[in-house]
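Below you will find one chain, with nothing else, as structure tokens; this is the form predicted alone, and questions on how it binds or moves follow later.
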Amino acid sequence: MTARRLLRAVTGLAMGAGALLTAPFAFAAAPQPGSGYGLPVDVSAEGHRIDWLIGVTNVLTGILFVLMLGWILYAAIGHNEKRHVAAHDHGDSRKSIFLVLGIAGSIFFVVDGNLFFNSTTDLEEVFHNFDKVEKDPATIRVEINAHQWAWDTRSAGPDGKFNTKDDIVSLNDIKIPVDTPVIFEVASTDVLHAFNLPNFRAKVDAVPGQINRFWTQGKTVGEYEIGCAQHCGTNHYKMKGVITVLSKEDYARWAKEASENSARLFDENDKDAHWGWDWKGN
């Protein structure tokens, strides 16, 4: 097989593989449990948007890798010393310049352009669209206070206010209702942490003196991991917790009982336990 035929064969295989691999990613579809290479199961309503971007980017970069490999093979086989005498070239001809700019520009617009457009659109219309979520009367609000080395959590009780007697408080344990938006406001009392929910494709830094927030929505009942994605000290590995997605009925029963227990144990003189803040959202 000649070098030219080899290049054509490699290019053809790459284009065929690319067509097959990109077909499932033509549109961001509903989340597929366990989809993606090495990704945890996605149990959120909008996490499929992130998985789609990761999948498309992996496919596009894979196609580029195969094409570049074919090009290298062609250069190595077709331009060896027996077939082609080396010619010195500074690469500053118009042809060389336009070829390099054309290839680099194509890669930039196809790969980076896709990432930029879709990520910006998703942030604007979904992940940063707090106004829509705040207006939903079913939305649950949770405050997260990170410290070395645990997650304190607080939800408003029946009075709808934070840092009051009926608040639902817990340590490293969060419960949310299924198919219901949940807004998290996250802070830190000591160093930089990162509140990470890998199964929800959600993560936000916990910064001392600052309130950060994000929202998510669980689609699958079950228990999932809470982790810290910033090295926060020698016992960073202990920053683990569990977020449980309950049915709406089970959540209502749990929230009622948890609020009553908090009210029963409330101590007005225990100032350290009153770490909640006024809700920063709309």
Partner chain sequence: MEQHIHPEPKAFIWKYVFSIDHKVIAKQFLWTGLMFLALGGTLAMMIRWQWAYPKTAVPVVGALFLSHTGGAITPPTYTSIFTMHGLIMIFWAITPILIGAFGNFCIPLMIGARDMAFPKLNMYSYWMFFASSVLVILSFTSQLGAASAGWTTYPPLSTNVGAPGWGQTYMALAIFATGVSTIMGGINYIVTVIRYRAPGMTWFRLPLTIWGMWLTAILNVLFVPVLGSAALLLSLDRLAGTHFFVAGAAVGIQGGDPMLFQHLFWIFGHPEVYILILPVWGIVGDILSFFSRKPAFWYKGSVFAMIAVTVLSAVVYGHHMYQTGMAPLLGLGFEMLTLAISVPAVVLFVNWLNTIWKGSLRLEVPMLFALGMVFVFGAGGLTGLLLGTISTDIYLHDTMYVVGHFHLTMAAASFLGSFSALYFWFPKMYGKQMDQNLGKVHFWGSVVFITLVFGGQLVAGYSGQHRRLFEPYQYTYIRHLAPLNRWTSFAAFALGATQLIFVVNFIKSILMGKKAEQNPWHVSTLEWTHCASPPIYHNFDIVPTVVRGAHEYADPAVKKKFGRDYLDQVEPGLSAVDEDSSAGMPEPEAIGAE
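Positions refer to the first chain, counted from 1. Throughout, rigid core stands for the largest set of C-alpha atoms superposing within 1.5 Å between the two forms. Remember, it's a predicted structure, so these values are computed and weren't measured experimentally.
There is also a form predicted in complex with its partner chain; it is not shown, and the following applies to it.
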4.5 Å heavy atom contact, residue 230 and its partner chain in the predicted bound form: yes
Contact of residue 126 with its partner chain in the predicted bound form (heavy atom, 4.5 Å): no
Interface membership of residue 91, its partner chain in the predicted bound form, 4.5 Å heavy atom rule: yes
Contact label in the predicted bound form: residue 237 to its partner chain, heavy atom within 4.5 Å: yes
Stretch from 131 to 139, 107 to 115, 156 to 164, 169 to 177 whose residues place a heavy atom within 4.5 Å of its partner chain in the predicted bound form: 107 to 115
In the predicted bound form, the one of 45, 255, 50, 246 near its partner chain [non-hydrogen atom within 4.5 angstroms]: 50
Sequence-ordered residues of 51 to 75 touching its partner chain in the predicted bound form, heavy atom within 4.5 Å: 53, 54, 57, 58, 61, 64, 65, 68, 69, 71, 72, 74, 75
Rigid core fit then residue 66 CA moved by 2 Å or more between the shown form and the other one: yes
